[in-house]
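Next up: just one chain, as C-alpha cells, the form predicted alone.
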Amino acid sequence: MKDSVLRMEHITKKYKENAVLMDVNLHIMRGEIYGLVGNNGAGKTTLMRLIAGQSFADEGSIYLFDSNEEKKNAEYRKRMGALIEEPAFHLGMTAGQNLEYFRIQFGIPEKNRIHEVLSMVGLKDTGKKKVSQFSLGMKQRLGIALSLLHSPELLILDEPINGLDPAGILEMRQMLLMLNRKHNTTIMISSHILAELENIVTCYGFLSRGRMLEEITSQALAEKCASFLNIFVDQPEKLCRLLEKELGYKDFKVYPDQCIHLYEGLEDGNKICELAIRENISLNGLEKRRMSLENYYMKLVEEC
C-alpha cells in the first residue's frame, strides 16, 4: 500500500476578506505525479505556497508525510523541493556558481551534485555564461535544478515548462518521468499546457475559484473522457430540442460556433442525419471525437 506524502484537509486561505481557497481537500500518495489543473485565479499558486511553507492557511490542516505538527512539518519540508516563483539568483554569476552558493547554504556535502542536476536540466554546457545572459527558459531550468539540489522526495513545480520551446518541453517531460520512475520522486505539477500533463500525470486535482472540484486518477479520467459526437449545423438550438424530444438525448452542450457536443448515442449518427434532413436543418459536419483534458475541465466547471 502506498504511503501518504501530502494531505490537505478543509484548507481555507483568505487575503483580507477575499477567500482564495475554500474548504480544499487534496491527497497525494508516494510515487504519484499529481497534475493540478485550474484556470488563472483558481488558487493553484496559493495552494502550492501553503504546501511549501511560504504562506499559512487560515483554516484546515496540512499533513506532510503523515504529520501535521508544524514543528515536524518544518523539518519534513527539507525533504521537499519547490519551484513556485523565480528564485533570486545572482545575475553576475554562472549557473554552477549559483548552485554552489545554495549548496553551501543548504549544507549539502556532495559537491558533484551540482554537475548532476545541471546535466538533468540541460545546462551542463553553459560554462562561464552568466545568469544575466540566460533566456527565460534557461532561468526556468536553473530554478528546477535548484529545487532538485538536495534530492527531494516530493517535488512541487508551478508552471515548470513556462518559457521552454518544444524541444525543452520534451526534455522536461523525460526528466520528470526519470525522476519519478528511477528515484521514486513524488511530483506535483501545474501547467497551462494541459495536453502535456496528459503525457505524465497519474492523478489530477481540478481547482476552480478556490474550490477543489474533483480528484481523479488518470485511468479513471481516461474512462470518463469518453468520445462524443461533434455536430455542426445551422440551427443548433432547434436540433438540440429535437435530440431531446425525438431521441431522448439530454447530455449535450451547444458552443458559440454552432457546434453541438453530444455525449450519448454515439452510434446513432445516421438517425441524427435523418432527423436534421427531415426538419430542414443544414448539417455541415458530424464526426466522432474524444474529450480532451481541457474539455473535461470546462465541462466540470460548468456543472459545479
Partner chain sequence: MLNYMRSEAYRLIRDKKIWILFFVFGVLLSSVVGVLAYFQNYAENFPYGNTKFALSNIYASLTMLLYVAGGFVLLLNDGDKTHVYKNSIAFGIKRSTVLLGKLLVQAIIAVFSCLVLAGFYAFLCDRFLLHSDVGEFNVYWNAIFSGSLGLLAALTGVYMFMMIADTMSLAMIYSVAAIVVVPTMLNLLGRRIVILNIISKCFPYIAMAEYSNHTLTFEVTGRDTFTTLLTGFCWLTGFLIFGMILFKRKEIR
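As the structure is a prediction and not an experimental result, all values here were calculated from the model. Numbering follows the first chain given and starts at 1.
Keep in mind that the form predicted in complex with the partner chain is missing from the display, and what follows is about it.
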Inset, instruction - Would you check, heavy atoms only and a 4.5 Å threshold, whether Gly31 touches the partner chain in the model of the complex? - result: no
Inset, instruction - Classify Glu215 as contacting or not contacting the partner chain in the model of the complex by the rule of any non-hydrogen atom within 4.5 angstroms, answering yes or no. - result: no
Inset, instruction - Mark Phe56 yes when one of its heavy atoms lies within 4.5 Å of a heavy atom of the partner chain in the model of the complex, and no otherwise. - result: yes
Legend entry - the partner chain contact at Arg49 in the model of the complex, heavy atom, 4.5 Å: yes
Legend entry - Within 4.5 Å of the partner chain in the model of the complex, all of Arg77, Phe102 and Leu146 (non-hydrogen atom): yes
Inset, instruction - Name the stretch, out of 120-128, 206-214, 85-93, 167-175, where some heavy atom lies within 4.5 Å of the partner chain in the model of the complex. - result: 85-93
Legend entry - Sole residue of Asn199, Gln97, Asn230, Ser135 within 4.5 Å of the partner chain in the model of the complex, by heavy atom: Gln97
Inset, instruction - Let me know which residues along 110-130 have a heavy atom within 4.5 Å of the partner chain in the model of the complex, or say none if there are none. - result: none
